[in-house]
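Here we start with a single chain on its own, the form predicted alone, put down as structure tokens.
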Amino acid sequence: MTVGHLRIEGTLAIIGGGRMGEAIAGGLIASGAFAPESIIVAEPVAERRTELSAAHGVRCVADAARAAYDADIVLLAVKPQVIDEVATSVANDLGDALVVSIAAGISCGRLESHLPAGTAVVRVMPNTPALVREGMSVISGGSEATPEQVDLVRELFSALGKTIVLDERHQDAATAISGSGPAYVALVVDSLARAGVRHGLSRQVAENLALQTVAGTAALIDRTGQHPEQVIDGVASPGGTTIAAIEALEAGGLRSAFAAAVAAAVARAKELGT
């Protein structure tokens, strides 16, 4: 199996036709990993099933167990609050399928407890930039998953952006950074844009300036390998506007606010997993 140039021979069942389920289906089809007819989506809302079929050419059904039956990979793309119920509902129809979950905070062990003994489970935390194939997905294998199965999932999610394989004990921290992170970054963009408006810029101009600055800075760090502190030093000349702004941000507790945000997200992920 190679994602990108060779197509996977088999069927993928996606349980949940929400935004992430659709993003994963679309990315895998675009990458050539799966043909549209090899993906079946379980989605209870009839109107949504029609939309998904029309947009991507995938098969859609209302029943999760029907979708999972005879599938080679079953992707659980549902909310953590219903994951136990959904896992139980498909358990008798899995066969030897590989189960992949993107439910935040839900451990592989918890899923394994609802599935037949020996079922391979891989846990993934993607994020919403996967919708434009710029995502970050963190991948961890359960007790029954082989290295080859974990690598298969890593290659699948590489169709949606970047991936990293971590020991599952790091999943909650990773979720708090990359899983929840798009909301933090969007808050930064919105805050900068609103500040620009207060100083006379139009909303569109201010938002464009903030958005491209965030995107460009991320690309600069990624492509040059510079430490973020080096980027700061490269902009903040002595006695200039940037150092005045940095001092104001530090005085406002920006670093501690981000630390508290990540800690809160980690704590919530642990709550969801219990």
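One rule holds for the numbers: they count along the sequence shown, beginning at 1. Keep in mind that what you see is a predicted model, and the values were worked out from it rather than measured.
Absent from the display: the form predicted in complex with a small molecule. The rest refers to it.
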Quiz prompt | 15, 44 and 86 each touching the small molecule in the predicted complex (heavy atom, 4.5 Å) | solution = yes
Quiz item: Using a 4.5 Å heavy atom cut-off, which stretch among 166 to 174, 197 to 205, 119 to 127, 149 to 157 contacts the small molecule in the predicted complex?
Solution: 119 to 127
Exercise. Just give me the single entry in 77, 145, 111, 97 that has a non-hydrogen atom within 4.5 angstroms of the small molecule in the predicted complex.
Key: 77
Quiz item: Quick one: of 82, 132, 188, 91, which gets a non-hydrogen atom within 4.5 angstroms of the small molecule in the predicted complex?
Solution: 82
Quiz item: Would residue 64 count as touching the small molecule in the predicted complex under a 4.5 Å heavy atom rule?
Solution: yes
Quiz item: Does the 4.5 Å heavy atom contact test between residue 193 and the small molecule in the predicted complex come out positive?
Solution: no
Quiz item: Would residue 19 sit within 4.5 Å of the small molecule in the predicted complex, counting heavy atoms only?
Solution: yes
Quiz item: Is the gap between residue 115 and the small molecule in the predicted complex 4.5 Å or less for some heavy atom pair?
Solution: no
